[in-house]
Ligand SMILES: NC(=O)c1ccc[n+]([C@@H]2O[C@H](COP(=O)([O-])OP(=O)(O)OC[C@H]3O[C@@H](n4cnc5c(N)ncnc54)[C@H](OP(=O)(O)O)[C@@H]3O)[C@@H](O)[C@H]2O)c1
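The chain below stands alone, shown as structure tokens; this is the form predicted alone.
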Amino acid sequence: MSELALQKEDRVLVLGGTGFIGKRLVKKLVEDNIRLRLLVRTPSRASELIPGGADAEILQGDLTDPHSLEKALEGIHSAYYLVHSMGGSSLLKNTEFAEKDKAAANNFISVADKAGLKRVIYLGGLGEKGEGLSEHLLSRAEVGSILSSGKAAATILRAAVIIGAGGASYEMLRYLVERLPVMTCPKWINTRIQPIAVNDVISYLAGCLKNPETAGQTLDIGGPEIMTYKTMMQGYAEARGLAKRIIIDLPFITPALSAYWVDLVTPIPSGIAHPLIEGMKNEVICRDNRINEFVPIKRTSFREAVEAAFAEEKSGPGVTGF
């Protein structure tokens, strides 16, 4: 049997286990009876995710600290790397965060190689490499390359816009469409994308762990529909039963101006909105669909993804009583 195949006694490390994707993945892995270890900065946040009786260890530490990484990786078969900085509260911090991401990935691989880690699974972003790739998507691609450079067999999943409550891209979409019946947007509003439901992302992540044939692979993941940002916004309005939104694309609007505007209308800080908006210029659709051979699932439609995401919301525009 391949050493890459996960055995019942093997333990899996989750980095970024309290984040938007991480907390959902932890829940799924617990349901699948996977033995877990979480490395987190704030253990109290992680303990809330672990039901009683689950075989899950929680360690306090940081990716910048080799000692805490050594403890976290001891006896670990596979690891999920779900750490990625979107940016700070202002635009000035984005380059700094990208450099920290690369340093953290290099630190992880250095310790993982010594620990004998067998597999690492990383969730990155779609987007073809080249001079026009946004800083945000380039950073994700660079982290994926770093993780692939180690001894552990890397599985790189590349996703576009993820539709799920609490995700920055979805929340920006939600607030804009719910609050603004008329919008002026950058010309990149017509870029093609392939949004994916967060629950489908979780299914793919969990499925890759169970299928050792995905080790060493870079795989695109997306939903069943190819859209544009404009049709996605109209699709959200339709799914929510809102009047059709009037969306005007103006070529002279820059990403910086759009980011500050989003900062005013939504709870998304400009430092996070800017890389998301800058990435709108890059077409993000699946170039191959091999993932469906390795991890066959019934993909969720965009409308169903929006309905599921909104059902999770407790406050904000459109929620009764807010």
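Residue indices: 1-based, along the sequence shown. A quick note: this is a predicted structure, and the numbers were derived from the prediction, not measured.
Quick note: we don't show the form predicted together with this ligand, though the next part is all about it.
Participant: Decide if the three candidate residues I193, Y236 and K314 all line this ligand in the predicted bound form, where lining means a heavy atom within 4.5 Å.
Facilitator: No, none of the three is in contact.
Participant: Among the candidate stretches 175 to 183, 118 to 126, 226 to 234, 240 to 248, which one is within 4.5 Å of this ligand in the predicted bound form when only heavy atoms are counted?
Facilitator: Of the options given, it is 118 to 126.
Participant: S169: heavy atom within 4.5 Å of this ligand in the predicted bound form?
Facilitator: So S169 counts as contacting this ligand.
Participant: Evaluate R45 for contact with this ligand in the predicted bound form, applying a 4.5 angstroms cut-off between non-hydrogen atoms, and reply yes or no.
Facilitator: R45: yes, in contact with this ligand in the predicted bound form.
Participant: Are any of the heavy atoms in I21 no more than 4.5 Å from a heavy atom of this ligand in the predicted bound form?
Facilitator: Residue-level check for I21: yes, a contact with this ligand.
Participant: Would you classify L73 as touching this ligand in the predicted bound form, given a 4.5 Å non-hydrogen atom cut-off?
Facilitator: Judged by the heavy-atom cut-off of 4.5 Å, L73 is well away from this ligand in the predicted bound form.
Participant: Counting any non-hydrogen atom inside 4.5 Å, which residue from V26, M280, V295, L63 sits next to this ligand in the predicted bound form?
Facilitator: Checking each option against this ligand in the predicted bound form, the one that comes within 4.5 Å is L63.
Participant: Which of these residues, A98, I189, A206, L82, gets a heavy atom within 4.5 Å of this ligand in the predicted bound form?
Facilitator: Contact residue from the list: L82.
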